[in-house]
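There is one chain below, alone, in structure tokens, taken in the form predicted alone.
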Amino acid sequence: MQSVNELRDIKFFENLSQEELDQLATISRKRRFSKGEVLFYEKDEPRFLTLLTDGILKVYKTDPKNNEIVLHRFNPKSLIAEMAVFEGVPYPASAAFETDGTVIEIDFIKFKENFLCSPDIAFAFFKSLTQKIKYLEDVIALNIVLDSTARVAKYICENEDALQMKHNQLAQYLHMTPETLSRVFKKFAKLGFIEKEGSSYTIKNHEALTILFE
């Protein structure tokens, strides 16, 4: 059974009464994972509403050549694959931890019966869904509309922490090869748009990078 105090600290449940938190705790459990462990595989049947409370979780698919295609990386505190759970369909992708992590799993059938009728809970649930739709729109724009140079420029301008990521990881996220990403970074550095500092980069000319994708 999940701790009531931990549930109270989660934004999704902050407006629940003590009685409701006690009830929620009886249908919840906490699970810890080590780096590299799989939370679920594509086509598994979902049974739980899953909330990531600690660590970084990647959601990915595997192509016919057994290459991983990363669809998204989740940070705490995020609902994971709630659409599959809500619709009662198999998970459309797999999920594995890139760091040690923790999730809270909630029996969805009992949650739906007892909590989804709450306006606050329903709003938080559907807000999470709309955020994922917006993210999907951004992914489509990033990977279909833009070429590799514009794609990298847009992503690092909007997510400067990406410059601290390992090249293999960032290339995976941008759906390109590490070699292509390295060529783009070298071009940007040569033009003075970014500058290498140790093992990472910093942006030196936001305006020039922005012109590449606007």
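Don't overthink the numbering: it's just position in the shown sequence, from 1. Computed from a prediction, not measured in an experiment: that's the story for all the values here.
The same protein also has a form predicted together with the DNA, omitted here; what follows describes it.
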With the DNA left out here, work out from 26-34, 168-176, 52-60, 154-162 which stretch has heavy atoms within 4.5 Å of it in the predicted complex.
-> 168-176
Should residue 183 be counted as a contact of the DNA in the predicted complex, where contact means heavy atoms within 4.5 Å?
-> yes
Mark residue 147 yes when one of its heavy atoms lies within 4.5 Å of a heavy atom of the DNA in the predicted complex, and no otherwise.
-> yes
Heavy atom to heavy atom, is residue 204 within 4.5 Å of the DNA in the predicted complex?
-> no
